[in-house]
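Given as structure tokens, the chain that follows is alone and in the form predicted on its own.
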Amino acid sequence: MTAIAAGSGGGEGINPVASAIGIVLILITLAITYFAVPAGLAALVGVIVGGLLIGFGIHFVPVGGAPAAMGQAPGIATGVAMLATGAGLAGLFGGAWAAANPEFSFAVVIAAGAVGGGLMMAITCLMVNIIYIFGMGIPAASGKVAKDPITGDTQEAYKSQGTEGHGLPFISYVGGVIGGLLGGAGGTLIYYELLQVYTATLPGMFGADAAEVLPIAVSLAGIFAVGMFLVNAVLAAYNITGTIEGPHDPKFKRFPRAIIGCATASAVCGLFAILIVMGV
């Protein structure tokens, strides 16, 4: 049983028992960190918050899968986990660049990661609509709402018969950018918190200067950050189960389950990522 377990009907409700188990696991990981390595407690909280941002942000991303590739459904023609990982990696590149500059504050580092993920999604969504409109000759139309929640444009008149819509309506485009911003910020937060732990711990472990172990610290933080992003992306994708148009899609209401699942997974993964360099 998992925190994002759903019945065959695909309801949006939270499983109370599974959610309670997840919360207990989070508290256990925090307690272990507090007593074993108190210095890593703040980092673990940051990792958990980063996982929450990733899980929540993925529900904004418009994913249409194979039907979208044939113009039979709105969204980007790929899977949830793959698209979210691309945005997360773009955000990590931006965040890692900012984190390498000691003059940049914590807020600037997280903002750089968010901008990287958001920019990747903005460009991707733009190119998707260019291909749909000018390459396939079909307009953007949603099959979930009668009017675009932002622009108020009607959708039914532009939706081809026998399809669930196609292309990326404006609300889906905006949702994709928001998802990229949140995913990039969450992935960067995980990377930054682990980097602080490693840069403070590895010099003592290796008996070397901070500058000498910095490449190892950066590599470890990057590996764990990418790994945790993939874990959270897969959990969120399992929660969505298929395609999603964006924040206006009924499946968006399932995000609380993903938040609990991603927080639990991030807590467990973050605990191991911290303990592995603490000599515990």
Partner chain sequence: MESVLFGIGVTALAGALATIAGAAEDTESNIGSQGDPNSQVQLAPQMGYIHRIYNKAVSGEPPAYGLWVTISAGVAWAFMATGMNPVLALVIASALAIFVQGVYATTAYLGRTASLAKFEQPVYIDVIKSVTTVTMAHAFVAVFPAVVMCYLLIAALGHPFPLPLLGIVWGIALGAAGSATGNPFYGKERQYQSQKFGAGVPISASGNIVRYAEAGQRSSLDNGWFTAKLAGPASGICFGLIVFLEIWRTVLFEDVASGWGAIIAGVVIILIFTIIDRYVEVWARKNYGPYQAEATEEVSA
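Remember, predicted model here, so these are calculated numbers, not experimental data. Positions refer to the first chain, counted from 1.
Keep in mind that the form predicted together with its partner chain is not shown, yet the notes after this line are about it.
**Message:** If the criterion is a non-hydrogen atom within 4.5 angstroms, does every one of 97, 116 and 153 touch its partner chain in the predicted bound form?
**Reply:** Heavy-atom distance to its partner chain in the predicted bound form: all three under 4.5 Å.
**Asked** Among 128, 197, 189, 182, which has any heavy atom within 4.5 Å of its partner chain in the predicted bound form?
**Response** Only one option qualifies, and that one is 128.
**Message:** Taking its partner chain as it sits in the predicted bound form, is residue 104 in contact with it (heavy atom to heavy atom, 4.5 Å or less)?
**Reply:** Yes, contact at 4.5 Å.
**Prompt:** residue 159 near its partner chain in the predicted bound form, any heavy atom under 4.5 Å?
**Reply:** Residue 159: yes, in contact with its partner chain in the predicted bound form.
**Contact test in the predicted bound form: residue 42 vs its partner chain, heavy atoms, 4.5 Å** = No.
**Prompt:** Does at least one non-hydrogen atom of residue 201 fall within 4.5 angstroms of its partner chain in the predicted bound form?
**Reply:** Judged by the heavy-atom cut-off of 4.5 Å, residue 201 is well away from its partner chain in the predicted bound form.
**Message:** At 4.5 Å between heavy atoms, only one of the stretches 30 to 38, 233 to 241, 218 to 226, 249 to 257 reaches its partner chain in the predicted bound form; which one is it?
**Reply:** Single hit among the candidates: 218 to 226.
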